[in-house]
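This document starts with one chain, in the form predicted alone, laid out as structure tokens.
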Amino acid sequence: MLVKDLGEFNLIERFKKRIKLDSSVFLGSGDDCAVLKFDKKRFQLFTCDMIIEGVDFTHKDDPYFIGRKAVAASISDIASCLGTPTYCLVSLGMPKNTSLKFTDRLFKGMRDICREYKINIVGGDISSSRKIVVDVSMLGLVKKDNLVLRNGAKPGDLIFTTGESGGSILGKHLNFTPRINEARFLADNFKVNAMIDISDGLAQDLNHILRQSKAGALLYEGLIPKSPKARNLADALTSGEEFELLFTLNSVEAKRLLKKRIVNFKLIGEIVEKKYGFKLVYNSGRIKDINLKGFTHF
């Protein structure tokens, strides 16, 4: 059997089954961040993201935004656990004939976003490679009472996102704002039951929440916030690298959020019992199973 036959998520599960963790680990593989014991009031969050030329960007893209994206993706992971990013390591692979002008602008993109979010770049590694590879490992902190994972969605919860989806390949996938400010607002004011960032597509990432929460969901066609660049509804549901937050609140908390009329938070559906599956309710009233797939590497 080949990797492409097994698939990305099954490969992750194959590795995960072989990992043994000690008592210092609160949560290992399977969420947006690993969660490590830190002190009496906080957990430490640990995540990594790798972007590769030809997969996540092209050599013709502005290296500033390549560097910025590499860091921003990990910030988004920290945000999805309602944490605050603190430190990162950066590893670079690049061909020997890469120009210093390119590398300087790449680094400026990383440095600028780290300054913006008060993240320390504390080291890394450099190697020669056939294509440009940028790998970022990031630490963060979260109050124990604020930690949110993918497995807490409950029937009756309402489902929200922090923005529009669709057409990210036309530019947003490189130049996006990680939703750390929205995460801090939620952490300070609401009890969030489950959360993930949209990196592989709204439908696919919501499916991760549903699997781990053992729940189903109804999404409503008229509520899906489509980007002006979205080709259609399917694109809004499957477009990867949107880096919006996708989260659930119980009905009381959801009503409180809706009363604030904050334009960034979009209600899109509700969590139901697992037996009802994952469905889309069209404006016409027709109900159909959601079988759309987002991005996978294999």
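The shown structure was predicted, so the numbers you read here are calculated from the model rather than taken from an experiment. Start at 1 and count along the sequence shown; that's the residue number.
Just so it is clear, the following notes concern the form predicted together with a further copy of the same chain, a form of the same protein that is not shown.
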Triplet Ser24, Met94 and Leu100 all within 4.5 Å of a further copy of the same chain in the predicted complex via a heavy atom: yes
Of Ile198, Val71, Leu139, Val192, which residue is found within 4.5 angstroms of a further copy of the same chain in the predicted complex when only non-hydrogen atoms are counted? Leu139
Of the residues Lys226, Lys172, Arg111, His208, which one places a heavy atom within 4.5 Å of a further copy of the same chain in the predicted complex? Arg111
Find out whether any non-hydrogen atom of Ser129 is located within 4.5 angstroms of a further copy of the same chain in the predicted complex, and reply yes or no. yes
Just checking whether Ile121 would be counted as a contact of a further copy of the same chain in the predicted complex - the rule being heavy atoms within 4.5 angstroms. yes
Since only the chain is shown here, I'm wondering whether Cys48 would be in contact with a further copy of the same chain in the predicted complex (any heavy atom pair within 4.5 Å). yes
Taking heavy atoms and a 4.5 Å cut-off, does Asp125 contact a further copy of the same chain in the predicted complex? yes
Choose from 216 to 224, 152 to 160, 129 to 137, 182 to 190 the stretch whose residues reach within 4.5 Å of a further copy of the same chain in the predicted complex, heavy atoms counted. 129 to 137
Taking a further copy of the same chain as it sits in the predicted complex, which residues of 1 to 39 have a non-hydrogen atom within 4.5 Å of it? Please list them. Met1, Leu2, Val3, Lys4, Leu6, Glu8, Leu11, Ile12, Arg14, Phe15, Arg18, Ile19, Lys20, Leu21, Asp22, Ser24, Val25, Gly28, Ser29, Ala34, Leu36, Phe38
